[in-house]
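First comes one chain, alone, set out as structure tokens in the form predicted on its own.
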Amino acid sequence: MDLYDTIIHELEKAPGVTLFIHKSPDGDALGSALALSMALESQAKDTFIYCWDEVPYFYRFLPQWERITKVRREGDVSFYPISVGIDSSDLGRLPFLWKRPPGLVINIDHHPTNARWGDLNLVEPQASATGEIIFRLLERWGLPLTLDMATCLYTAIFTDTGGYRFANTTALSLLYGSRLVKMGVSPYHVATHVYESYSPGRMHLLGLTLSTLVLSCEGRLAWVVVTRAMMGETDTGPEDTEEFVNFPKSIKGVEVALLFRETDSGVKVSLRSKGRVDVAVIASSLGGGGHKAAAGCDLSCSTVEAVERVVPLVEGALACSTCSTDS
């Protein structure tokens, strides 16, 4: 019995399952959790889905999104005999949990930096999205996919590949997308909601953010800053900064882009690379994690201090990448 079969066996025995998704939820975490929840409900299993943050408004087209409950205290969580962490590389991504969940803990993720924090760790770094893993799990289980489930899985894969633009796009992710479209998913419907349903405030915030643009390393590194004051001025929230880091990354010659977003407790740093620099290594050294081309971390300091701390690390990595290329 392989890990997929073991997980299916455990899920089949449970009367209910508690699902957790990481703070600042993205399309992969949301779509994967909702699809798995619907599959479990189809097998007469009760489910709860919890997240530290609310569902971003541009993901509220996802079927049953309102079932995701925002929690800030573990005391508000109802635990079933099985807990499943979705798209969460470590427990730090689930700040409402003071400790490891009780009962059997299943960890389903695709981040290379995953800490294997579960009893059963279905971690596949080669997967473009956690949605791919959920797709395979449900197929192995033999459960039919409804259109709602397919829409959630398509959104998971579509968003984590940047609309099939990022380096993690594979023949398999394209194949899964094709199969989900054949089930009735509308690529136009998903793309319109994800990328063309932003608020005017977000556009204003983007303008303010781009005005902070700084380049270094002869144009190989670029970064921008978002402060709480900027979000207050534009009546926006953290979810409105999703994808902002890709604007400095889109500049010709830039190899690494950074977004420093001020939070209530410090700064969230998003790192993106075009391939030569492994930003997951940098993020991990700062207590975060992610993928070679996309990673992040949270720092307890000011934005100025965060820039002073992170930028030299990236500049050093860029210098090393140049030396290794020249040698």
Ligand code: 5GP
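A residue's number is simply how far along the shown sequence it sits, counting from 1. Note that this is a predicted model, so its numbers are computed, not measured.
Just so it is clear, the following notes concern the form predicted in complex with the named molecule, a form of the same protein that is not shown.
Query raised in the report: Just one of L258, C297, L62, I68 has a heavy atom within 4.5 Å of the named molecule in the model of the complex. Which one?
Result: Contact with the named molecule in the model of the complex is made by C297 alone.
Query raised in the report: Which residue among R220, R202, K249, H111 has a heavy atom within 4.5 angstroms of the named molecule in the model of the complex?
Result: Comparing distances to the named molecule in the model of the complex, the residue within 4.5 Å is H111.
Query raised in the report: Does the named molecule get within 4.5 angstroms of any non-hydrogen atom of D90 in the model of the complex?
Result: Although the named molecule is absent here, D90 would touch it in the model of the complex, with heavy atoms inside 4.5 Å.
Query raised in the report: Does G27 make contact with the named molecule in the model of the complex, using a 4.5 Å heavy atom cut-off?
Result: Residue-level check for G27: no, no contact with the named molecule.
Requested in this report: With the named molecule left out here, work out from 90-98, 192-200, 225-233, 129-137 which stretch has heavy atoms within 4.5 Å of it in the model of the complex.
Outcome: Result for this chain: 90-98.
Query raised in the report: Mind listing which residues of 276-295 have a heavy atom within 4.5 Å of the named molecule in the model of the complex?
Result: The stretch 276-295, when checked against the named molecule in the model of the complex, contributes G288, G289, G290, H291, A294, A295 at the 4.5 Å heavy-atom cut-off.
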